[in-house]
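For reference, the chain that follows is the form predicted on its own, supplied as structure tokens.
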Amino acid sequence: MKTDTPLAEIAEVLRTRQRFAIMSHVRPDGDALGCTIAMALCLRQLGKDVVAWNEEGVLEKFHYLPGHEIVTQPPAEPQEVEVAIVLDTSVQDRIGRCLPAVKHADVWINIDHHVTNPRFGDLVHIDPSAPATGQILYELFRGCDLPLTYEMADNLYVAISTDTGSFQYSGTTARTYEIAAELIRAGVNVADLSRKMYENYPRRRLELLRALLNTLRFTSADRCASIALTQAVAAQLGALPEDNEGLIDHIRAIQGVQVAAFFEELPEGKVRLSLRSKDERFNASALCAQFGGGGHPLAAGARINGALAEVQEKVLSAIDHAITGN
């Protein structure tokens, strides 16, 4: 297994190379996009030639991020770069169409915090103890005397806040709070950013939540709660994929529920599973690994071939076995 590349060695590559491509996973969250933008802004401060890609570009709900316009969808014509940087991505193929967009790169850098990351790339820094990849980037920028602008601070704060559940999840440490304080000193307006992150949802997202709650099921002696979204309902409501993020937390918060599952019907006979646990005895990542996925012990996911009803029963049966041993 590859050992972690020291951050100082990664910083040296950032300083000495000129042409960079930065990318992160499909269906990007705040950590993925915040890190992508922060890294791109840092490299531009260093005078580098930078492209930043995501298969879906920047989702509408993240347009408040300073510098969001730097992130585009990957080009149809593959490009050559000196360095390709993959951030917050547990497996390389999760960058989707960004992967074939890189015709050649002298060096691939992989920076992530998922324990299931197989350590792809030439320079690898994986820290599962970090609650967000944004925290690793902060240590890289500050610890190696790289630029850290106000715009970068905003993006890193969003990355850390969203991936820690607004500093609530178990991976949040004293160091996480110290970094948040340092980002605030760098210019982050917590109240303003928090409103944009957590109090600015479109109405269709609430309509989607109402529809999902009508599908709510309790299994495993009420210790598992699950919801499901069909393509037909999503189309009827005009829901965007980004509207789903965080809705699983409503059922995870139910008293007595140990595990929450969200099943989303996708095109081409696939189902997207999101799994959340609030009991460390249930490892969400291990269960998702049974279906080709992965993630964190308390938050993981997978994309599973099969019809929605079929996938639901297989996954719920596996959850029941993990909970009850039967």
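One-based numbering along the sequence shown. Here the structure is a predicted model, which means the values were calculated and not measured.
Quick note: we don't show the form predicted together with a further copy of the same chain, though the next part is all about it.
- Residues with any non-hydrogen atom within 4.5 angstroms of a further copy of the same chain in the model of the complex fall in just one of 272-280, 64-72, 22-30, 40-48: 272-280.
- Under a 4.5 angstroms non-hydrogen atom cutoff, a further copy of the same chain in the model of the complex lacks residue 77 among its neighbouring residues.
- Among residues of the shown chain, residue 122 is not one whose heavy atoms approach a further copy of the same chain to within 4.5 Å in the model of the complex.
- Taking the partner from the other structure, a further copy of the same chain in the model of the complex has a heavy atom within 4.5 Å of a heavy atom of residue 200.
- Although the partner is absent here, residue 249 lies within 4.5 Å of a further copy of the same chain in the model of the complex, judged by heavy atoms.
- Exactly one listed residue, out of 220, 90, 226, 172, brings a non-hydrogen atom to within 4.5 Å of a further copy of the same chain in the model of the complex: 172.
- Of the residues in 188-214, those that come within 4.5 Å of a further copy of the same chain in the model of the complex through at least one heavy atom are, in sequence order, 190, 191, 194, 195, 198, 199, 200, 201, 202, 203, 206, 209, 210, 213, 214.
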